[in-house]
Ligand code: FAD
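So this first bit is one chain, no partners, the form predicted on its own, shown in structure tokens.
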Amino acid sequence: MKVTEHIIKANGKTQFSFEILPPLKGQHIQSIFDNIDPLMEFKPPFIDVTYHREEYVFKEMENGLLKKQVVKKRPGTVGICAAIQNKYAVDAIPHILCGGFSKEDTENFLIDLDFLGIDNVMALRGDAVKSETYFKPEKDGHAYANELVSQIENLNKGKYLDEELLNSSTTNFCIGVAAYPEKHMEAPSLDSDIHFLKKKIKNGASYVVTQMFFDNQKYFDFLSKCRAEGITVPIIPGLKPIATRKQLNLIPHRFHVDLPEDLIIAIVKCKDNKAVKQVGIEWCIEQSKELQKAGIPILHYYSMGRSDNIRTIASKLF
């Protein structure tokens, strides 16, 4: 079922969803199930599965020269999605990136998803690889998420890269895209960011999931600006509870979001990470309650591979 259909079916009730990471290469898929199992009692309509592109490392050879080696630390997105739908009878939403994909790769990836009966995809540009300062698209790949959305929408209309195909079947993907209440780090302004969000929606996106935020007012202000600009699709808030003191510095640096002063002070006062985790849970519960009260259709949680704190939060809300 499409995300938009889940929202309609819920008839105004706020739903719970979450995102998981594929396990590191060499780990068993049971590690994924162990994190999903405790959350199933809250009846998530869908589960997002992130996609991690290849990374490059340079290994020194015996002659002293460096050899470039491609590594993929978290493979398995498509297989995990198929396993989730088979085991839990819940919609799985794979992330699909511009980075690391040619247009042909993208088309074949989407065909596989269609054959598996996957109804939703999350279309993202993706980040630059660690060895590059700025994002660099693949040769004959997409540079921007709106281009990726267009290709997916073309498949929904039966338009493939090979225009000579006869009697080509149509896909029926519901396309999600990302948004940034505090603007994308590369955007010159929030207004510019919203301009490109509108472009993604015009090209075929049906819903939006936001970057994490810790101040609900930033989300409400962003929502108001989007509605004023004529964006009518669901804008689902992304939430993450802080779990360690290290994240106090890591999250603003990595995700370019601000932390409220009250939250910072509460974490600084904590004696250890156990106390930090409790502060993070309580803060996220209060965020969630306010969003629920505002009638937000779905609250989406970034689990980052762990479900215990997400379960504690969900138990107070759903």
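Bear in mind that the values here come from a model prediction, so they are computed numbers and not experimental data. For every residue, the number given is its place in the sequence shown, counted from 1.
Not on display, but discussed next: the form predicted in complex with flavin-adenine dinucleotide (FAD).
Participant: Examine H95 and determine whether its closest non-hydrogen atom to flavin-adenine dinucleotide (FAD) in the predicted complex is within 4.5 angstroms.
Facilitator: Judged by the heavy-atom cut-off of 4.5 Å, H95 is in contact with flavin-adenine dinucleotide (FAD) in the predicted complex.
Participant: Although the partner isn't part of this model, could you tell me whether Q287 comes within 4.5 Å of flavin-adenine dinucleotide (FAD) in the predicted complex, counting any heavy atom of the residue?
Facilitator: Judged by the heavy-atom cut-off of 4.5 Å, Q287 is well away from flavin-adenine dinucleotide (FAD) in the predicted complex.
Participant: Indicate whether D127 is a 4.5 Å heavy atom neighbour of flavin-adenine dinucleotide (FAD) in the predicted complex.
Facilitator: Close contact exists here: in the predicted complex, D127 approaches flavin-adenine dinucleotide (FAD) to within 4.5 Å, heavy atoms only.
Participant: Flag K218 as yes or no: does it have a non-hydrogen atom within 4.5 angstroms of any non-hydrogen atom of flavin-adenine dinucleotide (FAD) in the predicted complex?
Facilitator: Outside the cut-off, so no.
Participant: Quick one: from N156, Q85, S206, N146, grab the residue that has a heavy atom within 4.5 Å of flavin-adenine dinucleotide (FAD) in the predicted complex.
Facilitator: Contact residue from the list: N146.
Participant: Exactly one of Y180, F214, F173, F101 has a non-hydrogen atom within 4.5 Å of flavin-adenine dinucleotide (FAD) in the predicted complex; which residue is it?
Facilitator: Only one listed residue qualifies here, and that residue is Y180.
Participant: Please determine, with the chain shown alone, which of 43 to 51, 279 to 287, 245 to 253, 26 to 34 has non-hydrogen atoms within 4.5 Å of flavin-adenine dinucleotide (FAD) in the predicted complex.
Facilitator: Selected stretch: 43 to 51.
Participant: Can you confirm whether A123, D193 and T210, the three residues that make up this candidate site, all sit within 4.5 Å of flavin-adenine dinucleotide (FAD) in the predicted complex, judged by heavy atoms?
Facilitator: Checked in the predicted complex: all three residues contact flavin-adenine dinucleotide (FAD).
Participant: Pick out the residues of 279 to 306 whose heavy atoms come within 4.5 Å of flavin-adenine dinucleotide (FAD) in the predicted complex.
Facilitator: Heavy-atom contacts to flavin-adenine dinucleotide (FAD) in the predicted complex: only Y302.
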